[in-house]
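So this first bit is one chain, no partners, the form predicted alone, shown in structure tokens.
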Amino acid sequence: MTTAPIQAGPTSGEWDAPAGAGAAGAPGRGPLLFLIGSALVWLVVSGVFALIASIQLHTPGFLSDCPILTHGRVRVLQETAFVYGWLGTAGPALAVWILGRLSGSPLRGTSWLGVGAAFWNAGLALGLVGIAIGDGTGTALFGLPAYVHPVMLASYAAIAIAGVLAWTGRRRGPMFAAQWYAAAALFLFPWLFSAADIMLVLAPVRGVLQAVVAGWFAQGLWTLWMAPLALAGAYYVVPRLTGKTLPNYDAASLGFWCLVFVGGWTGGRHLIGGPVPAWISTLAVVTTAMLVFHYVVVALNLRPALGAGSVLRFIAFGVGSYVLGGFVDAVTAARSVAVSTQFTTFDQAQQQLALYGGVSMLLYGTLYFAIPRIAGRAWSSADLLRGHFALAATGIALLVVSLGAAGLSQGRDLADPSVSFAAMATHMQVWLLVATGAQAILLLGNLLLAVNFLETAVLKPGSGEGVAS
């Protein structure tokens, strides 16, 4: 990757439609808006499930008479709707859009994009119904029933066709970090998902190998799919809003390859102390520490996001959470620390910091930059945008802190045989109540984003700018 200068976005307002929007047709505008709109629906749905699951932690009788809304199923429903519905729908849509913008030509394969979007959402809806009636696989981040796996793989491939065509048919010139991360995410997800499907469902491995494969898949889904989707947006948006080449950009390729080659080996850190060969967890501890290099590069490259601007505030918060989450992972991977944090809500705090604080906030920022350029119209309400940031930042901070504090209390009590489970629950209750309040705040913020999108791109759409840079 070369350090070619990148032009800034419009100076009239970073969420405004650019000058000349609507001058040309927008290939793929309809499918892209459908993908993003459906992603926001899943985001709100996951927020409702998250609120229910959080209430059940401190009030076990809540909805206890409804068999499809037991805590175990609600947690999987929330996780699946958030990862595959929100991140896994908005992320690929924005990645395809970015690859199209940087290709220098109109987006191709848009009919495949529309077909893939329809079947992806249909498969996900069917999968959530299957989870609710007890057909889920029971594997973290892989809870979708086996009968929807082929639909999800085929529909994702159809969505990715437009991005692959844009990437392979680009004009000759420098390759940017945004293209690397976007293309990697589009290529690596089918490999991860199909490998897990074979080893956990179609021809399941036996014994403790199932835990090893499940840990590899969960970590790979984070490092090789969700993180690249979010970073593609950040690397695309930040230079355009600042008007400057990213600092230390020569190291961006090293950070990318570090994530690709090292990230997939870190899954064993969740198996420390488990009945698996010691080398698996040891390798994971070492590679988690090595991955710190990637987080340092990302922090150096994207530090201009700390500048003023509503969109950049989302990016800055996301980068900060992403980097902080990486350092926390490195610390908690140490055996002396893991003995107190494993199997507690501290793990949930780390997951929320990474997925919500890191990936989701980065996608929010990319979304606020992209929608005016896809729909050809400025955001309907700047106040809703600012309100969304305030609620999202507050909710994420409260959620991570409360779950982290509850986890530390839980870990301390688990190490003391004199503490009963009833006493442990009492010690955690205040923090869990705060976490419930945080989930309510996040749900309200997501509703603001959904309303703003509805008013901007659906009720009063523009004619679109097109996807060529």
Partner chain sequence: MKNGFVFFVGIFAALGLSWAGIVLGSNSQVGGLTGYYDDSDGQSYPLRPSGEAAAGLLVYRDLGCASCHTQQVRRPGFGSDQARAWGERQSVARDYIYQTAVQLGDFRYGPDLANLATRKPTAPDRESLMRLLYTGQGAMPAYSFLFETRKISGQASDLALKLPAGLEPRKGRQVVPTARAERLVAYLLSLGTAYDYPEARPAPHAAKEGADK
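Residue numbers count along the first chain shown, from 1. Just so it is clear, the structure is predicted and the values come from calculations on it, not from any experiment.
This next part talks about the form predicted in complex with the partner chain, which is not shown.
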So, A183, G264 and A278: all three within 4.5 Å of the partner chain in the predicted bound form by heavy atoms, or not?
yes
Name the stretch: of 233 to 241, 306 to 314, 265 to 273, 394 to 402, exactly one has residues whose heavy atoms fall within 4.5 Å of the partner chain in the predicted bound form.
265 to 273
To verify the annotation, which of these, P174, G169, P150, P247, has a non-hydrogen atom within 4.5 Å of the partner chain in the predicted bound form?
P174
Go through A122, V331, L209, A203 and name the one with a heavy atom inside 4.5 Å of the partner chain in the predicted bound form.
L209
F293, heavy atom within 4.5 angstroms of the partner chain in the predicted bound form:
no
With heavy atoms only and a cut-off of 4.5 Å, decide whether L51 touches the partner chain in the predicted bound form.
no
Partner contact for F327 in the predicted bound form: the partner chain, 4.5 angstroms, heavy atom
no
Whether S380 contacts the partner chain in the predicted bound form should be assessed with a 4.5 Å heavy atom distance threshold; does it?
no
May I ask you to list the residues of 342 to 357 that have any heavy atom within 4.5 angstroms of the partner chain in the predicted bound form, in sequence order?
Q342, F343, T344, T345, D347, Q348
